[in-house]
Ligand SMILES: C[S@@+](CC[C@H](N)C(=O)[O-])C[C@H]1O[C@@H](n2cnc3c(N)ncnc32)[C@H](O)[C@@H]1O
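Below sits a lone chain in structure tokens, taken as the form predicted on its own.
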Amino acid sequence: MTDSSNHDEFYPVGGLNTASYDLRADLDRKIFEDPIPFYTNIASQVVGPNGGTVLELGCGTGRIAAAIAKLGIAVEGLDLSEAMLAQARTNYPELTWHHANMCDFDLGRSFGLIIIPFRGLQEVTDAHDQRRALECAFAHLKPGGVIAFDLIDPDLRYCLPEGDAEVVELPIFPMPDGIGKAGSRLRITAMERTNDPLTQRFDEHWRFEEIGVDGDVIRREDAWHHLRWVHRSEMRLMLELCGFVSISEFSDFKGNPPRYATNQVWMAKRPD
């Protein structure tokens, strides 16, 4: 069995985590509310086929950008992970992908809509950097342009210093195409989580294992996912300080009013 651990990069090149991302995202959409219709509808309403270009920050493997492109809307993606962008470029070579940090980028032009789906802003684990990301987005919006993004609304019972030692095993996945030995399967386990209430950061330990036809572990990878939770009042203040107006917040992708420990779904505008 091969065994590797990476504390610094959650999506390493050639890793089981990176290769299986789309499989897990599809499972997420079946268990929880699917965000893709929300973002495609926003793109249709705000930009449309002739109203400019959408920019997706934290685009990952490009699934949402591709869904928007299918509507005939111009869209580009930006991500810090070379591994995820490699998949996006392979899956959707006709689209434009930028390798950059959402906290510090300059594409030299503006967009009608900027989106940060799948809690991407929470992968920025410093409050100052989260604000920098919003400032960069503001600078890249046209006058009257819109930003839309979603976050986890924290349930504070699970944000205590002792963390969470619970281990949760996801359903067994088929191995992604081109990865692993014939007949092997993928086991993904969410391990322990540690919390730092001072910085509002939690670190999740994930294990990815290739399981052979005989049930033995062929390959194991451990990775740590770092996220920062943000309170609603804090996020509203960040948006206001960055210059956004017409700020709207919801508890889901259907536009329902804010509710504790659900989702935070935000929309805001750059002034005309």
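Predicted model only: the values in this text are computed from it and were never measured. Don't overthink the numbering: it's just position in the shown sequence, from 1.
Here the subject shifts to the form predicted together with the ligand, a form of this protein not shown in this document.
With the ligand left out of view, the stretch that reaches within 4.5 Å of it through heavy atoms in the predicted bound form is, among 56-64, 42-50, 240-248, 205-213, 56-64. The ligand in the predicted bound form comes within 4.5 Å of no heavy atom belonging to Ala190. The ligand is not shown here, but in the predicted bound form it comes within 4.5 Å of a heavy atom of Met84.
Taking non-hydrogen atoms only, Thr90 never approaches the ligand to within 4.5 angstroms in the predicted bound form. Of the heavy atoms in Phe118, some are within 4.5 Å of the ligand in the predicted bound form.
In summary, among the residues Leu113, Ile73, Leu78, Leu134, the only one with a non-hydrogen atom within 4.5 Å of the ligand in the predicted bound form is Leu78. This chain lacks the partner; the member of Ile147, Leu186, Leu151, Val124 within 4.5 angstroms of the ligand in the predicted bound form by a non-hydrogen atom is Val124. Using a 4.5 Å cut-off to the ligand in the predicted bound form, not one of Leu141, Phe253 and Trp266 places a heavy atom inside that distance. In this stretch, 149-167, not one residue has a heavy atom within 4.5 Å of the ligand in the predicted bound form; the partner itself is omitted from this view.
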